[in-house]
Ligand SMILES: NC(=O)c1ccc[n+]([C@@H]2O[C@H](COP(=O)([O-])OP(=O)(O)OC[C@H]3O[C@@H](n4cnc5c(N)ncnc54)[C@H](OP(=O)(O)O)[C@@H]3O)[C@@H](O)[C@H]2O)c1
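In structure tokens, one chain follows: the form predicted alone.
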């Protein structure tokens, strides 16, 4: 089969190789999935370059944790009725050497989730990390119906998913983005109001849309940078959840203010969600597909042999939307 792999960390054009590798065979409790589309996420490029000390964990790595395809074979202890099932995949390359940037991948059966009939394989490749991260960030402390939710980075893959999911759950959604083009993307996802985060009057702009009611929950992509403004927006007893702080990894937290406001703050690392959280997320995603439909947010599709170009496009920060890789045989 054809695949992309790397044997050392480094720049995409230097380390990613395209070629022929042996087709895998499913072990017990695994399924063999014929990959149609591989989903590319920031965690994939960060792992490739060794972001913040991440080690090269395996001799040879086929990258990417998300993807979609059709189950072609099953191992022992897996119902043969799964063969032919259209699925989306998550965590394929988490603590494993071989991910979805290939014609085929073997994963534990529980990581290959049946797609709704109405969901395309292209969209299926974008569900994994973005949707599971968004669910954990939004729903850890209960339902958000009729709550006011602020989602930063609303044009990113996670932020866009979070907007869609929050609207599906009945929340009022405000989002912040970094450009006018990204404002359009966040509005298309369903946000009620979208603002440039570099606005000089951001706090007042946001509060003007809520009749000065403070925010119930903030789901944040840049915790260290945004914390000061968010403390002027969040209500007493409010919740701040965050999944990234790339540009300011060490944040100063004004403890006394947190204490007096009785705030809750928590971080989301999708790969280690509790079993209960994961099962709740999977059920929510199933209903979201069936009842609302996932709005497409695919920016560009690259052929498998052009995966290095896809990595560069993601790392540029200029792509608005998900990048996916077409892994089907020519």
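Positions refer to the first chain, counted from 1. What you are looking at is a predicted structure, and each value in this text was computed from that prediction instead of being measured.
Another form, the form predicted together with this ligand, is not on view; read the next lines as being about it.
Asker: Going by heavy atom distances of 4.5 angstroms or less, which of 228, 246, 72, 192 would be at the interface with this ligand in the model of the complex?
Answerer: Checking each option against this ligand in the model of the complex, the one that comes within 4.5 Å is 246.
Asker: By the heavy atom within 4.5 Å rule, which residue out of 270, 31, 285, 35 makes contact with this ligand in the model of the complex?
Answerer: Only one listed residue qualifies here, and that residue is 270.
Asker: Heavy atom to heavy atom, is residue 133 within 4.5 Å of this ligand in the model of the complex?
Answerer: Contact check for residue 133: yes, within 4.5 Å of this ligand in the model of the complex.
Asker: In the model of the complex, does residue 93 come within 4.5 Å of this ligand, counting heavy atoms only?
Answerer: Contact check for residue 93: no, nothing within 4.5 Å of this ligand in the model of the complex.
Asker: So, residue 147 and this ligand: in the model of the complex, are they within 4.5 Å at any heavy atom pair?
Answerer: Judged by the heavy-atom cut-off of 4.5 Å, residue 147 is well away from this ligand in the model of the complex.
Asker: Using a 4.5 angstroms cut-off on non-hydrogen atoms, would residue 99 count as touching this ligand in the model of the complex?
Answerer: Taking the distances in the model of the complex, the answer for residue 99 is no, it never comes within 4.5 Å of this ligand.
Asker: Which of 276-284, 258-266, 42-50, 299-307 has heavy atoms within 4.5 Å of this ligand in the model of the complex?
Answerer: Among the listed stretches, the partner-contacting one is 42-50.
Asker: Residue by residue through 91-118, tell me which have a non-hydrogen atom within 4.5 angstroms of this ligand in the model of the complex.
Answerer: Nothing in this stretch is in contact.
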